[in-house]
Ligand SMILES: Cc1cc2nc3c(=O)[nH]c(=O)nc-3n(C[C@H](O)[C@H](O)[C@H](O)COP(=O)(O)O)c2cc1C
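A lone chain, given as structure tokens: the form predicted on its own.
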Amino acid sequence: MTVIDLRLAPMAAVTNAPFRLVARECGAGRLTSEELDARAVLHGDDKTLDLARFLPEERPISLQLLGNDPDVLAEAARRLEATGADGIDLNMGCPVAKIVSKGQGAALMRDSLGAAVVFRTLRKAVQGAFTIKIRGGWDEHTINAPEIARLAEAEGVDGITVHPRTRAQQYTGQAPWDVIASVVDAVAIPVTGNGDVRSLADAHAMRAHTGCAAVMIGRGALGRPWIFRGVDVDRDERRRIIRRHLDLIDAHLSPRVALVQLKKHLAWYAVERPGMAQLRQRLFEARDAAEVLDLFWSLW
């Protein structure tokens, strides 16, 4: 079976350094940070700069920017590349209301000329790889991913990730992979497909259906970073990977953030275990990390 370039999707409040590194150690390809607000980068916001930090072992890594002002995005990109980032990814897919109301994320899909200016300005600023992550379009009446992709290619963008649902769909319904295929047909630069990939078989099916160069996995990797191995792993190896993830959380996140991440990720790791519903509630009610870990290992 053909080897596929499998990548971890950038997910807000999830794709932090510990999870990214676990995915890389399991075989994930090029990594991308969770979204970073461009203005917050320029203002030196501590929380945003923490999110922008990465471990040397994660490289090559791209940092994903969120914004709509070309000059702000360009300056933020320069500062992030100065930290050692190997590339910049532009978020054109976030469907959250508070983001699109500012003209950011998926809202950039609604203004092709404005998007072209953003591409041109960022391309001049970014020395490394410059990529974008888009949706199929704003809604079912405006499926314009191929148009945006052609504009991006013309302005020197190096690669495109396509999540084919529209902004209106959010994360509901089946991801229409035909949209990914239409982008692949529209451009010569590499296209990464994303959406409804929960197994290696799904990844192969997406590649066969769309012709995409790589496959990005988001929700399908939550609680299952071993999906990037490309083969099934036994329970002992899963336990080893989970323990590695827990050690990284403890080593690289502040105690307050670490506790939130422990609860979140252990709930995902336990999703297929007996008694999951009861465990999930107890995990989120736990007062400290020791209690969380005792609960998890008692049932895993």
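Don't overthink the numbering: it's just position in the shown sequence, from 1. If you're wondering where the values come from, they're calculated on a predicted model, not measured in any experiment.
Only in words, not in the display: the form predicted together with the named molecule, which the text now covers.
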| query | finding |
| --- | --- |
| Arg207: touches the named molecule in the predicted complex, heavy atom cutoff 4.5 angstroms | no |
| Gly136: touches the named molecule in the predicted complex, heavy atom cutoff 4.5 angstroms | no |
| Residue contact check: Thr192 to the named molecule in the predicted complex, 4.5 Å heavy atom | no |
| Exercise: Gly218 in contact with the named molecule in the predicted complex, heavy atom 4.5 Å | yes |
| Listed residue that, although the named molecule is not shown, lies within 4.5 Å of it in the predicted complex (heavy atoms), from Ala9, Ala17, Ala23, Leu283 | Ala9 |
| Segment assignment from 269 to 277, 249 to 257, 31 to 39, 232 to 240: heavy atom within 4.5 Å of the named molecule in the predicted complex | 31 to 39 |
| Residues in 60 to 78 close to the named molecule in the predicted complex, defined by a heavy atom within 4.5 Å, in order | Gln64 |
